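Read the single chain below, which is given as C-alpha cells and is the form predicted alone.
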C-alpha cells in the first residue's frame, strides 16, 4: 500500500455542489480516501500545496497521438486538403518506432499540462506501439486503431480490407482492454463515414455492444465532408449513424460543427457524447460549433485538442479559453462562462467516457486523478474576491501545472514528467519525422 498526502491546498472538487474547500487531501493506492481538514502527516509522501490549487485532472475526449510527430507539417489548410495532401500520407509512412515516439511526445505534453485521461484515435498501422507508450506513461485512456476500408484518395498503406480491419481491432482490444486494472480501455475507431463502408460500421455497432466498449469517430466537422456523406449515403452524418444503430450512449462524436435540428435532437435523445475541439475547428477553418444551444438541450459536451498538426498543441487551458471566448460575440458575454467550460474539461469528460463515478471530480472513493496548479504568479493575481475557476479558465496556462497524479501515482512533479525520458523522446521525435518525410518527398519541406 502506498499513500500521498497533499496539505494546505485550495481544492476545487467539482462535486455535485461544486464545492471549493481549503485543507488536505489523502490518497491511498489509487483512491481518494479523505478530502478537507487537517489530516496530519503520517504518510509515505507529503506534498505541501500552500498557495497551490488542486483540481480534478483534465479529461480530453478527442486526441490523435499518432499525429504528434506531424506538428507544423500541415499548417493553413482546410480539412479535406489537410487530410489528403498531408496527414494521410504522413500516417501511411509511420513505422513501429515512429508511432511509439509520436505517442510519447504527445503524452509528455498532455501530462505536463494536467491532462490525466484521453480518448485517443491511432492510425491504421502500428497501434500496438502507441498502446505500449500509453502503458508506460501512466496516462488513463480509451484508444483504438483507426478503421478505414473505403476511399479513392487514401494512400495504399491506409486502405484496409474490411475483415482484416475488424480482426486487428478485436486483437488489440483483447490485448489491451482493461489493462492495469482498467486504466487502459479499448474503443472502436472508424475514422468517419467518408472512409468507412456500411459493412464496417454495422460490424463496429455489433462489436461495441458485444464488448460493451465505446465507439469514437468524427462527424460533421466540415461542410465539404457533409456534402460527401450526403452524396454517398443520401443523408447527413448523425442521421445516417442513427439509421445504422450506432447513435447511442456509447458513441463519442468529435467536432459536430455543422448540425441541423434533427441531428441535435438525435444527439440529445440517444445520449451521444460530443467532443468539442475549438482550437482545431478554428485552425482548419471548419467553423464554430453551436455549443450553447447543445448545452441548453442538456447534451453531454466535453473538450479535446484533436491532433498536434491542426492545433498545434494539446493544451486544455487553451481549449477552455477558446471554448468560452469564441461564443461570446454571437451569444453574449454570459455565454459559455468559466464554470461551464471547466465542467466540460472535467466531469463532462468523465461522463463522456462512462466513468463519472470514478473520475472527473475530487471526492472520497474516486480515483486519484489530480493536477496541482501553482497560481502564485503575476499573471493570476490578484486572487482576492476572484472565482478560482475563472482564474484557471481565463488567466492560467499549462506552465502553471506543478504536479500531475494519475491513478494515485505521481507521474509529474515540479513540472518534471517522471514516466517519460524527455531528452530521449525529443531526440527520437526529430529522427522519426525526418525518416518519415524522406518516405514522402512530395511533402518534404524545401
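Residue numbers count along the first chain shown, from 1. Treat the numbers as computed from the prediction; the structure is a model and nothing was measured.
The same protein has a further form, the form predicted together with guanine, not shown here; the description that follows concerns it.
When contacts are judged by a 4.5 Å heavy atom cut-off, residue 319 does not count as touching guanine in the predicted complex. Within 4.5 Å of any heavy atom of guanine in the predicted complex lies no heavy atom of residue 236. In the predicted complex, guanine lies farther than 4.5 Å from every heavy atom of residue 276. In the predicted complex, guanine sits within 4.5 Å of a heavy atom of residue 83. Taking the partner from elsewhere, no residue among 109, 137 and 398 has a non-hydrogen atom within 4.5 angstroms of guanine in the predicted complex.
Heavy atoms within 4.5 Å of guanine in the predicted complex are found in exactly one of 260-268, 276-284, 70-78, 240-248, that being 276-284. Residue in contact with guanine in the predicted complex (any heavy atom within 4.5 Å), chosen from 216, 145, 94, 255: 255. 310 is the sole member of 370, 303, 130, 310 with a non-hydrogen atom within 4.5 Å of guanine in the predicted complex. Using a 4.5 Å cut-off on any heavy atom, the residues of 167-192 that reach guanine in the predicted complex are, in sequence order, 191, 192.
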